[in-house]
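Encoded as structure tokens, the following chain is the form predicted on its own, with no partner shown.
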């Protein structure tokens, strides 16, 4: 992965009268990374994606892809992007194959062979059937086959695993990883936290139209949680090289985050007088709950990555 920013937003805002759907969103997405968007319905995920595609006019601020303004140069932007909307609308009178051919022809037929192969071999679809005869999940699979076959630099996927069975969900995650290995950038909006956690390089958490936090998932996968009960006085401070952060404290018991090397930590623990110790990890759900759980912080608090 490179550090080059392919996509950028600066104070991107969308309002509808007195309602603010997105508030001053500023972020960069790097070329060749999988970037996850998390948040419940109404958090601003779909609004963000539609602004990136030039389907909505921003109230203020700007979004760019490859330096192209997503609103003023939306046609050029969409040539570089494959988009899977969260709500699909398809021509029911067409067969699956005819629909794939029709949509592929919008890009001069590029990607049709791969789309057919994905639909038939991976998604197990009968492309001779009319689309109106497809279930919701089958329509989702057809759209996914086309999205992943488009010869583009950017994939924008809004809830790509909704309506899918578990095996198909696994195939989608595999295709996301494959897209990244080919150098494509993937924007992945989702509700299923383990799926987003499994494939994302970074994750942004939105709440009520506001960006609350951006998490580097590579760093998070090396995160350890330590629950320590000290026999003696709790240390007033910790050596800086241990990279320890106090999460909670209850008398002689501390819950600590550790992001450093394991060797120095074990050496330090060996010097402490400890009554009990538990070391574990923290999944994305715990981070998500800081912003959307029952004890979530107020959305007006300014959070940064």
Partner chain sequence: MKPFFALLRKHVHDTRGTLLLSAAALFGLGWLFVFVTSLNETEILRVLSSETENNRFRWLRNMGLEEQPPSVSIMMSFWSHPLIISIIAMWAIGRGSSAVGAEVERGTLDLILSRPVSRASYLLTHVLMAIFGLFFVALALAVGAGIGAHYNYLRVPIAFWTLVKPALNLAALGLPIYGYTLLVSAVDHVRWRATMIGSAVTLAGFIAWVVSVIPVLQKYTWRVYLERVSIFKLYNPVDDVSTGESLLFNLAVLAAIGAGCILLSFLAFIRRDLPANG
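Positions refer to the first chain, counted from 1. It should be emphasised that the depicted structure is a prediction, and the values quoted were computed from it without experimental measurement.
There is another form of the same protein, the form predicted together with its partner chain; it is not shown, and what comes next is about it.
- When its partner chain is considered in the model of the complex, residue 39 lies well away from it, no heavy atom lying within 4.5 Å.
- In the model of the complex, at least one heavy atom of residue 104 sits within 4.5 Å of a heavy atom of its partner chain.
- Taking the partner from the other structure, its partner chain in the model of the complex has a heavy atom within 4.5 Å of a heavy atom of residue 54.
- Taking the partner from the other structure, its partner chain in the model of the complex has no heavy atom within 4.5 Å of any heavy atom of residue 197.
- Annotated contacts: 78, 109 and 146 all touch its partner chain in the model of the complex [non-hydrogen atom within 4.5 angstroms].
- Residues of just one listed stretch (96-104, 170-178, 225-233, 198-206) have heavy atoms within 4.5 Å of its partner chain in the model of the complex: 96-104.
- Contact with its partner chain in the model of the complex, defined as a heavy atom within 4.5 Å, holds for exactly one of 217, 90, 116, 193, namely 90.
- Residues from 9-43 that approach its partner chain in the model of the complex with a non-hydrogen atom closer than or equal to 4.5 Å are 14, 16, in the order they occur in the chain.
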